[in-house]
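Starting off, we have a lone chain in the form predicted alone, written out as structure tokens.
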Amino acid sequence: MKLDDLLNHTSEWLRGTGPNSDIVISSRIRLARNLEKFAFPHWADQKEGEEILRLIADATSKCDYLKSTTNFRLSDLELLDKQFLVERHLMSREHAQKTDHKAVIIDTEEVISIMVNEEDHLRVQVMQSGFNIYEAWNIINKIDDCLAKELPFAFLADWGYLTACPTNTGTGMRGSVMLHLPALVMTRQIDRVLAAISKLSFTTRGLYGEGTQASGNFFQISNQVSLGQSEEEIIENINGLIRQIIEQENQARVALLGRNGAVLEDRVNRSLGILKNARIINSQETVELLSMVRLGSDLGMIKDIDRRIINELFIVTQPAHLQKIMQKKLSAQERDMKRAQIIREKLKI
């Protein structure tokens, strides 16, 4: 697989399918693992870093669940390629920096990605469309078992899996769910919901994870505690919390329709009108307008635009994607013009 092949492929998490996909964009499970007798990546020297890359590449080649993956060494990628992978949620922003002795392993369906020598030697990630946290766990559990047969993971009976950051020690697992919560935002209930989430040892981030703020009414919710709970307990806690948030968002949507249905429909159609006619549009405005159009589609106000098209537009209109499509660097204004053109073409009815 070549990196440019992904341009013509719909990522698993963008398909707009799966349980509760009107509210839940994607479900993700991530496992942090380290190899025993090796320094953590931030302290490993050049020789250790290279040996870790070799060992992990060899192990993944022997795992049946990873047969359809491609190993990309980050030092071989252009800056634009790395940003492209970040935009597709296949690796973190931190991983794209200081790329010596780093790699990312990706499968053809973009369900699985493995960051090598990020904060930990291994960051294994599985993503599913919609509220599908149990299926993501089922897949990653098999991958973890397979890799454990080939690699000696750093593990202590009292502490669990050893990780570079103490908050990941224990199971080394983070489950996260990306939600679209426009009704809770518009009814001004979101602050109360987020405050309650934080008291339950969950954290909320934006569309691109750690260090990003919520935009376009998207919220990524994940567990903070990895130590002292089993994987099953963590998954059950996430599942219970997300179900409550889904119910609250649904109630808020019903309330909006009941009190301000005409106003909401007007806002949705104004947003669609701008997107279908704009000649220049920036990233932030695009995300905000697409959020309203997605809500309108989910509520049946817009009947002829597929949810997957809307989901794809959130990603293909990002800066690196625009430049990969054009196969050249673009100025900010050129990106804004190309973004508007792509949106018009995708939303043409």
Partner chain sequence: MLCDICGKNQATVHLTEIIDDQMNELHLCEACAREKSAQMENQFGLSDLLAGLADFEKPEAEKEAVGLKCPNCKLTYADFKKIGRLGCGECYVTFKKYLAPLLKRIHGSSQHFGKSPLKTKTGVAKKKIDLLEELRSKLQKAIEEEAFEEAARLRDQIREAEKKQQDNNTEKENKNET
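Residue numbers count along the first chain shown, from 1. Predicted model, so just to flag it, every value in this text is computed and none were measured.
Separately, the form predicted together with its partner chain exists; it is not shown, and the next lines address it.
Listed residues Glu135, Glu231, Glu87, Glu110 were compared with its partner chain in the model of the complex; Glu231 is the one with a heavy atom within 4.5 Å. Residue Pro152 is the only one of Pro152, Gly206, Gly261, Gly273 with a heavy atom lying within 4.5 Å of its partner chain in the model of the complex. Shown alone, this chain has one stretch from 238-246, 137-145, 70-78, 188-196 that lies within 4.5 Å of its partner chain in the model of the complex by heavy atoms: 137-145. Mapping the unseen interface onto this chain, Ser129 falls outside it, with no heavy atom inside 4.5 Å of its partner chain in the model of the complex. Among residues of the shown chain, Ala164 is one whose heavy atoms approach its partner chain to within 4.5 Å in the model of the complex. Among heavy atoms of Tyr65, none comes within 4.5 Å of its partner chain in the model of the complex. Its partner chain is not drawn, but in the model of the complex it has no heavy atom within 4.5 Å of Asp306. Applying a 4.5 Å heavy atom cutoff to its partner chain in the model of the complex picks out Ala332, Arg335 from 328-345, in order along the sequence.
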